[in-house]
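Only one chain is given next, in structure tokens, and it is the form predicted alone.
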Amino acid sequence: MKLSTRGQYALHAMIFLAKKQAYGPQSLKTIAEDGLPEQYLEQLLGALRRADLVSSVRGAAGGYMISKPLSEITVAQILESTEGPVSLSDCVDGDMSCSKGSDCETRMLWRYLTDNINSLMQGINLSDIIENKPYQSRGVNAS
């Protein structure tokens, strides 16, 4: 199981914007210089804008900027805006295409794991990431 580049690039762009917040709007080109494909980035920033996580400013000094306090933007919000809901199995989402349906022995495990992953992502915000808090508080080496 891997997160797609959509989610990875969106999170990367949001962290870039968070770090550059004091410098005002950042152009698409500037954000792309951080190693992200410009055309793909434009699509992702559109999704983040529709989710009200970034705002865009038109004009010569325009660009994209974070639209809320960093402490109010979670990893879950960023990933859901670009990837959709995070789920480990279709049956967790109510898709009963499996022949076992509600009698499946693993369905509750998938639900448990999905719920815990989502809870963890909802508990980490951009401010935490910038300050390395999610890693320090969990005893994980971020390097």
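Just count from 1 along the sequence shown to find any residue number. Note that the coordinates shown come from a computational prediction; the quantities given were computed from them, not determined experimentally.
The same protein also has a form predicted in complex with the DNA, omitted here; what follows describes it.
Between the options 115, 33, 42, 52, the residue in contact with the DNA in the model of the complex by a heavy atom within 4.5 angstroms is 42.
Although the partner is absent here, residue 16 is not a contact residue: none of its heavy atoms lies within 4.5 angstroms of the DNA in the model of the complex. Using a 4.5 Å cutoff between non-hydrogen atoms, residue 57 counts as a contact of the DNA in the model of the complex.
Among heavy atoms of residue 62, some come within 4.5 Å of the DNA in the model of the complex.
Of the heavy atoms in residue 28, some are within 4.5 Å of the DNA in the model of the complex.
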